[in-house]
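As a starting point, one isolated chain is supplied in structure tokens, in the form predicted alone.
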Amino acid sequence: MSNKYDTIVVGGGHNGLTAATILANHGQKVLLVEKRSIFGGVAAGEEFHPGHWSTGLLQDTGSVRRNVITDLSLEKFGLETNGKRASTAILGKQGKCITISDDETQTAQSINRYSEKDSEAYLTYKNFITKITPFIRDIMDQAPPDLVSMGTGDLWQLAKNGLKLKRLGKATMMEFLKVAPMSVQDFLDERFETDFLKAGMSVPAVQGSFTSPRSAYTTLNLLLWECLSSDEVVGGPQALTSALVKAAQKSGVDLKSDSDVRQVVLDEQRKVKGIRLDNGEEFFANKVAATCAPQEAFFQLLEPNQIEYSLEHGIEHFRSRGTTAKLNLALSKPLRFNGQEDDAMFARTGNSWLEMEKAFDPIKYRNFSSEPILETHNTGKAPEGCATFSILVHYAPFELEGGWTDTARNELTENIIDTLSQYSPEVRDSIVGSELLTPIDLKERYGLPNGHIFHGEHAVDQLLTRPIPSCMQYNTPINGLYLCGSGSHPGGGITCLPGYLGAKRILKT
């Protein structure tokens, strides 16, 4: 393996693999280094109990963009999509369940069992989503304009975006401008009357954020999820990772695992000249694409005297307050939730605004809820006749009062199982193994700042100027250093877009 490259990619998650393959496909000699023994990052499935494999940390592949799949020719490497969004069971107590599927008519029929008014309201809601989706996709699927220097091209991009907004039509445009700043509770209360439906629908709006449904601008997060989520990858995150690794290998990327980067090396003019690993090995390139969190890129891979105060201050205040834990359950048999109509891939709890607010309140005081909000995923690998459930748990603080002791871990696990048992009473007796990942564990395993699943919160001020204005277009004030991970536009989740758009930016420089 040569030690001289055009670009070195730090991090072998879905964004790193995407960026490396794009660069290699355009003739660059690329090295990708990953500190773990496996590739995939938060999308890497792992065995946590004999024969039972998790899907990784994140579960939803519905936001992987079609242009990424096409440009990387991932279908040639075994990737398949099912052509529709995965079904989600919205769970209420007393055996209530509504299945939200890609078929709007079927979803409306499921809702109609509880409310005829909400059944009709859902179709109106989806009509609004359909109208604004092209506008949202255009904004989020392209590199943001440079709001700092504002060149001619950036002004033209802003003008085009303004025209796209106007072309929605006056009624739709005004509705979007009205609802985007709203709390998701107010937004859904205006449209629906069924408590557990509203609570379950709102979960994507608060996922990974230090917010409750009553927080301002949470409607914007819900609209982004609704507009950007579409085809689910068959086989989930593991299938995506497998295809990305094969594509990178085919393109000629040098993949190097078990390689922890100690330092991004700069020359006397503070220009990137390469990297140094923990074992002392050095590799040289005048461009480094960091797909780790911005905090790690600037505070761990660079010396303190190599960054300006304004950059340091901005990154220090990029909000990354981890609020999510993950529980993987190995089960002796497949489970169905009470009232579940079909084999929905996902399920969400919440039940009511009051219960969601009670789940959020403890985190403000560095505690976790006795009845957390859960998002389950049931497609992890398991032995025949058994099942694997992966559960995202909201809310759990990074800095728990008293620390994440064994007692605290056991208590949270029991709270999760007790909550899940309200929707599937057989779950406790079916558990043969489990793995709890607290926000502390997420930081240690995946390098997530404060255990934040998206590298940083999806707040309105941390989206288009993500992570900070001077780094919002993937390049940074450090000549040759680029940010191509979830801390960059358009944010976290399994999309591959930060790596894709970041690589496109590198190719232009």
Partner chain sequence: MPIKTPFFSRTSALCESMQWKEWAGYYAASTYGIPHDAEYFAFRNAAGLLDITPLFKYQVTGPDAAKYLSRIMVRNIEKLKIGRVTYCCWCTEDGKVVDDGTVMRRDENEFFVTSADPCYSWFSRFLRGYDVELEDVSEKISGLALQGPTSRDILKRVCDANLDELSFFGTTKTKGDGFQMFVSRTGYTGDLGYELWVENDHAITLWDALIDAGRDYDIRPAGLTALDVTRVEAGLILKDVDYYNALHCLIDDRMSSPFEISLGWTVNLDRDPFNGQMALRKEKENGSNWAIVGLDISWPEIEMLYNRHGLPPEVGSTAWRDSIPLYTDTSKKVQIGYATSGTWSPILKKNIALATIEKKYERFGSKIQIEMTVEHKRHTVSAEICKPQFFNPERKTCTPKNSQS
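Predicted model, so just to flag it, every value in this text is computed and none were measured. Residue numbers count along the first chain shown, from 1.
This protein has a second form, the form predicted together with the partner chain, left out of what is shown; the following refers to that one.
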Next item on the list: Although the partner chain is absent from this view, report whether residue 304 comes within 4.5 Å of it in the model of the complex, heavy atoms only.
Entry: yes
Notebook entry, point to check: Are any of the heavy atoms in residue 312 no more than 4.5 Å from a heavy atom of the partner chain in the model of the complex?
Noted result: yes
Notebook entry, point to check: So in the model of the complex, does residue 269 come within 4.5 Å of the partner chain, heavy atom to heavy atom?
Noted result: yes
Notebook entry, point to check: Going by a heavy atom distance of 4.5 Å, is residue 284 a contact of the partner chain in the model of the complex?
Noted result: no
Note to self: Please identify the residue among 429, 316, 401, 190 with any heavy atom within 4.5 Å of the partner chain in the model of the complex.
What the structure shows: 316
Item checked: Candidate from 104, 411, 308, 278 lying within 4.5 Å of the partner chain in the model of the complex - any heavy atom -> 308
Checklist line | Stretch in contact in the model of the complex with the partner chain, which is absent here, among 213-221, 89-97, 261-269, 318-326 (heavy atoms within 4.5 Å) | finding: 261-269
